[in-house]
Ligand SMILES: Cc1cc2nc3c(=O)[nH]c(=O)nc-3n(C[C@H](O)[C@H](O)[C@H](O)COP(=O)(O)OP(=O)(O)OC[C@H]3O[C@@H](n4cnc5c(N)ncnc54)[C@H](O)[C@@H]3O)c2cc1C
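There is one chain below, alone, in C-alpha cells, taken in the form predicted alone.
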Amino acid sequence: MTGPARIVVVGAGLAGLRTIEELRARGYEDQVTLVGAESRLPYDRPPLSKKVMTGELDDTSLRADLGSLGVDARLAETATGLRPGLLSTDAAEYAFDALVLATGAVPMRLPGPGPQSVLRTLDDALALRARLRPGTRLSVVGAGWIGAELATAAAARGCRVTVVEAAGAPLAAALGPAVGTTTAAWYGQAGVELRLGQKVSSIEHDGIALADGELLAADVVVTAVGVRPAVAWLAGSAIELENGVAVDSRLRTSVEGVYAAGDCASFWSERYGRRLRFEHWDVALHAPEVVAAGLLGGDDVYDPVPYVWSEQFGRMLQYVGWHGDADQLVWRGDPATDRKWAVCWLAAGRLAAAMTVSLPRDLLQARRLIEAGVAVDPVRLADPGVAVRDCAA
C-alpha cells in the first residue's frame, strides 16, 4: 500500500507500537522509525499499580517483535524539538515525510526537598515495590485511580498506609464528589488511613508537610496527583497545543502529515461536541487504528465512548462514557449496603456515562446505549432488576 516514504513515530509506548502494527497490517511496507525516551521495549502500564505492585508480575512487556515489523527502533532517546520534516532528539535528528506523536504524559510532582516517588514507568514500579515491606510507613498523596490502587497493593503487602487527598472525597476529579464519597469507607476496611480535605504544602525529608502545619511522618512518599501531557518539547514549533497536542476528529495536528494519539492527544469529539483528552489504555489501543488509516489516505474518524477500569480494595470498577454535561444521577443499587452496584449519568434524557462496581454486564450494556445515543427511562434504570439494555425509552 502506498503512503509516506518515511514515517517516524515518537513515543515507544502502547500507542506508538499499535500505530506501527496497524500500518503493517494495512500493507504499509516503507521505512518506520520508532523513537522512545525509555530504554525498554514497549510495555503495558495498567498492571504497574496492580499486579506488578503486588508481586504477581515483574514484566509487562508487550512482546513486540520489532524486527519482524521492520522497525528501526531508537530507544533511550528523548525528543527535543520539531522543525518542518525533521525531528530532533538528544542523540540525533530524523527526517520524515509523516510523523506520529505518541509521547504520553509525565507525572506531576509536589514542591519540597524530600524524596517523592511517582508511578509511571516499569522502573518506577519495580523500585517502589522493593521499598514496600511490612511495617513501612507509606504516604500517598492523591486518592485518584492510581492512589487507590497503590494503597490497595501496599496494604496487602503489610505497609502502614495513609492516603492524603485535598478534595473532600476519593476520585472526586474523575467521578465527582457524590460518587467518589461512596468509596471512602473501603479505605478503612482495608486498614488504610484516608485523610480528606488535607492540602499538602511540601514534601520533606521525613514526610509530608500539610498546609495546616502538621508533619505527617513517612518512610516512603508517593505523589499520585495526576499527569501532564508530554508536549513541552513542542513549544515553539508549529504544532498547536491545547491541553496536549490539539488534533481534529481524524487525529491530525495543525501541521500537515503530523498526527497524535494516546495520552498526549487532545482530540475533537463529534459525540460530545468538544475537545477531550483521556489517559486511558483503551485510547492508546484504538486511536492508532485511525492514525494508520489517515497516514495511508483514509478518512476514518476517532470518536470513542471512553472506557477505564480500576481494581481497588477487592472490587472491579469500570467507567464508560463522559459525564461532563450530565444533569441527572441515577443509582442502581445502594453503595452503602450492596457489594455490587452501579451509577449512571444522564444528559438531556440520554445515558452519558456509567460506573459499575463488579457488574461487568451492566457496564457492557451501558456502553452500547451510550454508543446508540438513545434516551433512557430513569425509573427503569434505577431498578437493578431491570437489565440496562431494557431501559431505552
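Only a predicted model underlies this, so the values are computations on that prediction, with no experimental measurement involved. From 1 onward, residues are counted along the sequence shown.
Unshown form predicted together with the named molecule; subsequent notes refer to it.
Note on the partner interface in the predicted complex: the residue among Gly244, Gly104, Gly321, Gly142 having a heavy atom within 4.5 angstroms of the named molecule is Gly104. Interface residue among Val10, Leu381, Ile370, Ile20 relative to the named molecule in the predicted complex, by the heavy atom within 4.5 Å criterion: Val10.
Shown alone, this chain has one stretch from 335-343, 37-45, 355-363, 22-30 that lies within 4.5 Å of the named molecule in the predicted complex by heavy atoms: 37-45. Of the heavy atoms in Tyr94, none are within 4.5 Å of the named molecule in the predicted complex. When the named molecule is considered in the predicted complex, Ala261 lines it closely, a heavy atom lying within 4.5 Å. When the named molecule is considered in the predicted complex, Thr78 lines it closely, a heavy atom lying within 4.5 Å. At a distance threshold of 4.5 angstroms between non-hydrogen atoms, Arg160 is out of contact with the named molecule in the predicted complex.
Contacts between stretch 207-234 and the named molecule, counted in the predicted complex as any heavy atom lying within 4.5 Å, involve Ala230, Trp233, listed in sequence order.
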